[in-house]
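First comes one chain, alone, set out as structure tokens in the form predicted on its own.
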């Protein structure tokens, strides 16, 4: 049985990001939201594109007004009005100024803007009532970005701000990573779909729906293979289909000790190598991880990763959040932020463990008076108790060898996206 840290290292080393030459798509900017950029972006435009005013006021030479005050105002001649979107026609000379508006192009000869509240205008004359700072309220060309340098790096998620930057840079077509392909199926003779009447001993396959939601939320393409009965030949057929059409394969159930022998045999018969058979964590001990190399279907990657998740609903979700979710993020081409990130917060209740395995408690992470606090969900923290997992947003971790984290003590917490 591997430790959680060893399991994490094995899995994350197995997962290789999509190829930035082969695994890309050229898409329109309007379709780029939440996609991952596959190549760096540069622009031939400076930002700002030209020197412009950051304020409504008057553009002038600093040398003319460096001694201006309310007691001794400097009076300048207004020779032009410059609204936004207008190309100035005049050059500001000594003793002159131009009326200018926010975002408008600075006229030649001017190097400073005085806001209108510090002036008094009569006809084509303006009195400057305060000494400005040199270059005041002037946004200089290329102050934010210089043409030809990197504007956005590869491997980032394109959110609203990045889309706005790309639009401003007139980048209307861009290269993004294709969506990872994930196959999902459940195993077990006792499983039924939610629309079927329950017979004694049967269980609704909730894992299928939870995993579907989590994977779709990550933007992956899904191959849903349904419920597979505990028949080795049928399972082999379904697994073969999955590994030939997906980058990641997720199954739940069928990886406990009683079923392990034929699962291992099936994986190996299909050319797979098993890397993880059990993990020292609670819930989530019966986790199988395997890889399949040299896939001949070039629509997917050369390495397919198989995760055999536990059948118990909570165990399946905890192992997904802990190992599978970051794996899909890394695979998708995300360069940073794909690893699980734990934060240290205060636990409002004591957390008890037998100390033998790394133990996870699900609950609520909230900000209270500027301090993050964790409140475990009420009721039993059994791996079969799906009910009290609802509405939770975090997992608190009790390390191996620790039996008690007292109330009000610090605990490591992983925020979960459900």
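Numbering follows the first chain given and starts at 1. Quantities reported herein were computed from a predicted structural model and do not represent experimental measurements.
One more form of this protein should be noted, the form predicted together with a small molecule, which is absent from this view; the next part is about it.
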{"query": "Region of this chain that lies against the small molecule in the predicted bound form, out of 181 to 189, 330 to 338, 274 to 282, 124 to 132 [heavy atom, 4.5 Å]", "finding": "181 to 189"}
{"query": "Sole residue of 245, 136, 175, 312 within 4.5 Å of the small molecule in the predicted bound form, by heavy atom", "finding": "312"}
{"query": "Heavy atom within 4.5 Å of the small molecule in the predicted bound form - residue from 143, 343, 75, 203", "finding": "203"}
{"query": "Contact of residue 319 with the small molecule in the predicted bound form (heavy atom, 4.5 Å)", "finding": "no"}
{"query": "The small molecule contact in the predicted bound form: residue 112, any heavy atom under 4.5 Å", "finding": "no"}
